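Below sits a lone chain in structure tokens, taken as the form predicted alone.
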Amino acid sequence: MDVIESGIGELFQPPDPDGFREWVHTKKNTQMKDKVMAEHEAVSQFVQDGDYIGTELYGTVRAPMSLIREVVRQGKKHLRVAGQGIHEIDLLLAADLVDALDITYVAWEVYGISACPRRAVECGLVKTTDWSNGGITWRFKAAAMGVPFIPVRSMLGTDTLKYSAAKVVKDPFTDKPVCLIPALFMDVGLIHVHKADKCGNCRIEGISGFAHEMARASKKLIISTEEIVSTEEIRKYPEQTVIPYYLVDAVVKAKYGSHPGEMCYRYWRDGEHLQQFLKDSKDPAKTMTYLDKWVYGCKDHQQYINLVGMERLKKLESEIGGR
């Protein structure tokens, strides 16, 4: 195929489907065994300095915040990140843990735009490459399919394409231009779900996002879950298992694990908390004060929950009924 155009962005994680397949076959434990552990153990064991990591879904919905806070606590450095999140990306950037960001969705919607990404990029600490929302999810899809790229029509004729690492080729069947999106195989995926059994069979209620694709595009996968249910319960409705056990390396129980984000049918987002962080993000000193209080000052997720307070969390639970 003739290459018509190439994006000028750097490809931070070149596609290697054969290498990914070999890694999974030789290094991943796919046994159906008990994988329940604390977030400290999961992050310590499966996230290394320099890894390419990613969180699943956009905005503040079902964000794996308890896991991200643990990554920050442990100070995992020189990370490359699939930047389609909001608060989780801000915390990683504020803690100076990120070297490169495949950037897609970082706006806080009606709340505004955080100063954390701008500060990190403008000072030269973090390199970025642009992708559309669809572009980054199709990269996961290509990886899940085990192919090096996927052809799409998205991004054609846009500056997003120009600053991406995609390529435009002449389609051999129609002679028309088509955009080739490179597969994104990640070192570690972090996904928060509603229910999981101890082996890692997971259910998601409501919007499923791209959990199916990301789970299959990750060498190592850490799951946090609102509740742990029995394998017998999972087997009653096998069609509801979005992520099967053999993809999962660790299961971490984290009730309210998405806070200050929301969890479909469980609790609403903590708008007061989020807006205060957004305001504080404009000042580096206040941003660090936030990290000291809400991340470094809590030894684990339970201490974070205690700091938020059950009264506040129960209020967020009650608000979900009216949404």
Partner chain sequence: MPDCNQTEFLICLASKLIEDRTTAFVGTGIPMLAAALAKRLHAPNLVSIFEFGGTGASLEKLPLGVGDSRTFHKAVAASGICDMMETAQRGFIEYGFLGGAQIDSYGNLNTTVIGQYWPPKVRLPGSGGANDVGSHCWKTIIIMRQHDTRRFVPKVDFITTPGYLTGPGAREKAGLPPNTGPYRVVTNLALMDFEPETRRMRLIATHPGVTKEQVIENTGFELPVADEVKTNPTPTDEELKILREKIDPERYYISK
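Keep in mind the model is a prediction, meaning the values are calculated, not measured. Numbering follows the first chain given and starts at 1.
The same protein has a further form, the form predicted together with its partner chain, not shown here; the description that follows concerns it.
Among heavy atoms of R216, some come within 4.5 Å of its partner chain in the predicted complex.
Under a 4.5 angstroms non-hydrogen atom cutoff, its partner chain in the predicted complex has K141 among its neighbouring residues. The closest heavy atom approach of R21 to its partner chain in the predicted complex falls within 4.5 Å. With a 4.5 Å cutoff on heavy atoms, M288 does not count as touching its partner chain in the predicted complex; it lies far away. Interface residue among L91, V188, V106, L79, judged by heavy atoms within 4.5 Å of its partner chain in the predicted complex: V106. The putative spot formed by Q48, G261 and H273 is not touched by its partner chain in the predicted complex; no residue has a non-hydrogen atom within 4.5 angstroms of it. Just one listed stretch, out of 292-300, 250-258, 50-58, 65-73, contacts its partner chain in the predicted complex at the 4.5 Å heavy atom level, and that stretch is 50-58. Residues N201, G206, I207, S208, G209, F210, H212, E213, R216 are the ones in 192-227 with at least one heavy atom within 4.5 Å of its partner chain in the predicted complex, listed in sequence order.
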